[in-house]
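Read the single chain below, which is given as structure tokens and is the form predicted alone.
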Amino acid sequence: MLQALREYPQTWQDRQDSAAAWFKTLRDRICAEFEKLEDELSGGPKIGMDAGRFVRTPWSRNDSITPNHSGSQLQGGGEMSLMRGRVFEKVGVNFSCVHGKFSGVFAPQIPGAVESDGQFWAAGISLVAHMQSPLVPAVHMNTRMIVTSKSWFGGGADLTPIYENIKDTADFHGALKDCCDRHDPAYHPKFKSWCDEYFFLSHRNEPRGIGGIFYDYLDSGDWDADFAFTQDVGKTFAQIYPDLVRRHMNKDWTEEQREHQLIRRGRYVEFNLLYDRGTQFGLKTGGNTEAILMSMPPEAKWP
């Protein structure tokens, strides 16, 4: 049993169960709202397509006896929710809840993992949406809880417009700032800056998008408060992003705009393969490869 669990013998399992249940609830809420957007489409080049629906695919791992290719041992699983539609060209909303043992090489990179002899538990939701319209911004959101000999929350949300809209940018940042301020006024400047630094393609010397917030290792000493903030991040995203989609999804676009969208998507691929910590974490712990790489756009180009 993990050292962190021994500190709360009566309550820690309940906390893990509560976090995992919330991530599922958030997944269900977002999927329902995204399917509603598919039904609401009333204009634009894709109006003749059928409205999309999520297809859910469960996955599981049981590597408790034989380590997987990464050297880590993994048990548990999750569920991929994938939709291809007329508003969302490709969107994945994935849930996972896993536990196991990090490899000796990977454990030193994770806080508290050496002290827990590599043992860990992790649950979370991860979302990436690539849109049909170049006028509707792509988006990423994830929140998670991880336990080793320590425990913490992490996550955030960031927007990647093909053509930046000043009002969209202001409203997206404003919603996230309001969310942060409800919990700690120090959060937003810290987490916004962290996002700007994290979602940056250093090999191109350019940001991936217009940012948002990013946080990790959130362990204030008040688990309930940290969990409440993580829930609020999810709720805020589930409200603001559909609002942004509705502003632009019924507009027409040109072939030139589509071409620009595909080239900009190449930047998304580059970031996720070169820098994204979630991608590296999933692959190094032997997670479901298709779920991990669902963040990739269905089509991209390089000039």
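Not measured: the values here are computed from a predicted model. A residue's number is simply how far along the shown sequence it sits, counting from 1.
Omitted here: the form predicted in complex with another copy of the chain. The next part is about that form.
The contact with another copy of the chain in the predicted complex, taken as any heavy atom within 4.5 Å, belongs to 269 out of 238, 31, 269, 51. Partner contacts here mean any heavy atom within 4.5 Å of another copy of the chain in the predicted complex, and among 188 to 196, 120 to 128, 201 to 209, 167 to 175 they occur only in 201 to 209. The closest non-hydrogen atom of residue 140 lies beyond 4.5 Å of another copy of the chain in the predicted complex. When contacts are judged by a 4.5 Å heavy atom cut-off, residue 273 counts as touching another copy of the chain in the predicted complex. Another copy of the chain in the predicted complex comes within 4.5 Å of a heavy atom belonging to residue 289. Taking the partner from the other structure, another copy of the chain in the predicted complex has a heavy atom within 4.5 Å of a heavy atom of residue 90.
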